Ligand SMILES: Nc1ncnc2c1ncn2[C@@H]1O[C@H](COP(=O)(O)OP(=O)(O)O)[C@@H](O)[C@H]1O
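Heads up, the chain below is alone and in the form predicted on its own; it's given as C-alpha cells.
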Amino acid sequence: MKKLLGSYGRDDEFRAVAEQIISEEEQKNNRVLARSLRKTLENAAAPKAGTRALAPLIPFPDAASDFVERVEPRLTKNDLILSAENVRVFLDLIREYRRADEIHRHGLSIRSKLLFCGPPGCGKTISAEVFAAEVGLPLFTVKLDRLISSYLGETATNVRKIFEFARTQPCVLFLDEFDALARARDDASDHHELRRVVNSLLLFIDRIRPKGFLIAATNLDGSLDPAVWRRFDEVVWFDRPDRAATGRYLKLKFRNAKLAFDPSAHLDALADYTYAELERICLGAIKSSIIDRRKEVRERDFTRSLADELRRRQRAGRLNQTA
C-alpha cells in the first residue's frame, strides 16, 4: 500500500503496483476480492477536467489485438523448481526492477529484454508466468500463428505492431518459439521474406525500451541468428532437472496425495526426464488411485504411469528420427 500511494501521479508505476496487489490476492486464493479490485481499476471514473488521467489499464490497441493475448497467472513461485543459478538471476532481476527509479537517476538502464533457452518442458513458460506475477505486471503472450503471415511484407509489419505494444504498455510480453521468427539468416531452407523479418526483428529488439519486460523463449537456441544474442540484456538457461531437482519436484507434485511408497526410490529411473514428463507421471499415478477409489497412491500406480511415459518417449523418438 505504501508503494501504491508513493507512486501516485506516475501512471505506469501506479498501475504496476496495483496489478501486483491484485496478483498477490489471487495467489492467496482471494479471487473474489482480486476480481473486484481489477474491475474497479479497469472501470475507474474519468478524472475531472484539469486533473491528470491515469493511463488505461493495458488497453488493446487495434493494431496489436490480433496478435497479443492476456494470460492470467495460475501458478506461484511455490509451484516452480529452479536451479540455484536461475533463482539468483530472477531475484536480481526483480530487485533491479523494484529499484528502477534509483537506477535511472544514475543514468543507467535496467535489464528488461530476456531470452529463455532450453529443451521443451523445462520450465520456460511457467517461469515467465511466475516472473510476471512476482514483478506485479500483467502477462501477454504473442500468438505466433497469427503473427506470421503468408503475405509478402506483412509479417514484418505485424512484428512492428507487437513491439509498439511492448513499448507503450507496462507488461511482460512473452514470445514463445522465438526461433520461428529469429532463425539464422544463412539457413538455406528459408526464403527471402523471413530473412527480411529477421532484419526487422533485430532492429526492433535493439531499439525497444519496454515499460515492463520482453521475454523470448526458444527450444532451438542453435538455430537462432548469431546477431540475436547481443540484443538481449540477459540470457537464462533452463536445463533438465538433476537428481536433487527431480526429488524436490516429486515432493511438490505429491504434496496433496497420500503415498504408500517412497518416490525417491525411483530417481535413477527418472534421470534425464523433463519437468513436463515428470508432471505427467505423477498426475497419472494420482489419477489411477482416484479411478480405483483408493485413498493412497501405490507404487504400482507410479510404475505404470512411468511405463506409459517411457512408451510415449520411445514413440516420439522414432517419429523424430523419421521426420
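Keep in mind it's a predicted model, so treat the numbers as computed, not measured. Numbers follow the displayed sequence, beginning with 1.
Keep in mind that the form predicted in complex with the ligand is missing from the display, and what follows is about it.
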Give a yes or no for Ile162: in the predicted bound form, does one of its heavy atoms lie within 4.5 Å of a heavy atom belonging to the ligand? no
Just checking whether Arg231 would be counted as a contact of the ligand in the predicted bound form - the rule being heavy atoms within 4.5 angstroms. no
With heavy atoms only and a cut-off of 4.5 Å, decide whether Arg74 touches the ligand in the predicted bound form. yes
May I ask you to state whether Ala34 is within 4.5 Å of the ligand in the predicted bound form, using heavy atom distances? no
Counting only heavy atoms and a 4.5 Å cutoff, which of 208-216, 80-88, 137-145, 98-106 contacts the ligand in the predicted bound form? 80-88
Of Leu181, Val236, Cys122, Val172, the one that lies within 4.5 Å of the ligand in the predicted bound form (heavy atoms): Cys122
Tell me, out of Leu41, Ile286, Leu259, Ala276, which residue has a non-hydrogen atom within 4.5 angstroms of the ligand in the predicted bound form. Ala276
